[in-house]
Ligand SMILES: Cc1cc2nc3c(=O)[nH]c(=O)nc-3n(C[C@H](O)[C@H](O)[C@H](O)COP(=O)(O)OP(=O)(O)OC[C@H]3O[C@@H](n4cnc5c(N)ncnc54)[C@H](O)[C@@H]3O)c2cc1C
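Read the single chain below, which is given as structure tokens and is the form predicted alone.
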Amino acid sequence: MEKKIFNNTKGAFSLKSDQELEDSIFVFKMMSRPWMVSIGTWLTKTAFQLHLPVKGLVKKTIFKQFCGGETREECIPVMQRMMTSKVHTVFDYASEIREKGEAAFDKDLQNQLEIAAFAKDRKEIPFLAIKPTNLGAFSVWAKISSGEKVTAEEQQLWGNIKRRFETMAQRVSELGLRLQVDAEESWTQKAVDDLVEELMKKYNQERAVIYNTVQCYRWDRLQYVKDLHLRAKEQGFKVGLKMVRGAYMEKENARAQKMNYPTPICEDKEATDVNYNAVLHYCIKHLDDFAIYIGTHNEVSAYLAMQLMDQSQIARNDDRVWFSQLFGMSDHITFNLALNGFNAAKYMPFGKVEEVIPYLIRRAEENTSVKGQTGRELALLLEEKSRRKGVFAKRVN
């Protein structure tokens, strides 16, 4: 296994023009200053609330960095461009400003079905992604997860959620695509796990069509994966698994403390890393029964996966193993994986600028709070800028 492949900035940023490189440097420099992120977040929220003309500025900066476009069609050139470097796309409608009520959830289902139809003939898109709360109320997921007795109305709402997911799963299967169901907060996750497992039993007979998401900052997820594996072997279905570290740590810990129950979150980042790598190791060891999607911005975990594949003589382009990072982040991982023959994809959100502001704010805050994230991104971008200047200087001389 080749070492240090992620240090190849030429490969990482081969698709960026000099101006696009400068634009990315500007964005990450801004995010390297926590005080600026705080002020920028407040100003952006306020400007949109007051309907001030800031959309153009946002779209040219942070939106351009982290989103593929406002519409499906606007994303096409971006996806096609990435495919020239063999980087695929996981398509995600990231709008978080939605109507409430059952009619709105049915409308969201129709939107997801239209996205699936759009993706059918696009080789760039092997996966679609969906949040459980896109197709049903958070309160219903939480109530079903709790195991408490539900009312007749809640039972009907739960039936509607199951109907929507069945419709989506069937369409994705028919179109030859794959569907990743994102993870939610721990107190809603059991219902998600159970429903996704039902769909796996039905649609993952020959190949993994439906993927559940495990947030490995939860200390119980390795045992969950092992138990799911046993049920899959007994009942004859493939396990589709998307592996991430997790997105709700502060909220989870705060709720556990407030309600006086043991936190479901690992004690620290090191414990999370150990848990993530243990899940990764288990899945690759039992790959005959799994199809995995390795969502990580951690170079150590990516190298470990590559090493385990090599040791188990798993082909780099084996369709059961995919690597992915968020669009606009960790290009040094995604593009260099693709360059070295691995299946690589970008998780690409899209949606109207004003509707994806919550997502963009999370990206800015995450890059600010995750130790070393922004610094690593910025250092690599600056290194590539310096490399290009050196190449240009040699040409001139």
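Since the model is a prediction, treat every value here as computed from it, not as a measurement. From 1 onward, residues are counted along the sequence shown.
Quick note: we don't show the form predicted in complex with this ligand, though the next part is all about it.
Q: In the predicted bound form, which of the listed residues (W322, Y248, F105, F165) lies with a heavy atom within 4.5 Å of this ligand?
A: Partner contact (heavy atom, 4.5 Å) among the options: Y248.
Q: Within 4.5 Å, heavy atoms only, which of I284, L109, I265, L222 is in contact with this ligand in the predicted bound form?
A: So the residue touching this ligand in the predicted bound form, by this definition, is I265.
Q: Would Y211 count as touching this ligand in the predicted bound form under a 4.5 Å heavy atom rule?
A: No, Y211 is distant from the partner.
Q: Can you check whether P126 is within 4.5 Å of this ligand in the predicted bound form, heavy atom basis?
A: The answer is no: P126 has no heavy atom within 4.5 Å of this ligand.
Q: Do Y217 and this ligand share at least one heavy atom pair within 4.5 Å in the predicted bound form?
A: So Y217 counts as contacting this ligand.
Q: Mark F28 yes when one of its heavy atoms lies within 4.5 Å of a heavy atom of this ligand in the predicted bound form, and no otherwise.
A: Result no; F28 lies far from this ligand in the predicted bound form.
Q: Heavy atoms within 4.5 Å of this ligand in the predicted bound form: which stretch in 154-162, 225-233, 176-184, 133-141 meets that?
A: Looking at the other structure, the answer is 176-184.
Q: Let me know which residues along 278-314 have a heavy atom within 4.5 Å of this ligand in the predicted bound form, or say none if there are none.
A: Going through 278-314 in order - heavy atoms within 4.5 Å of this ligand in the predicted bound form - the hits are Y293, G295, T296, H297, N298.
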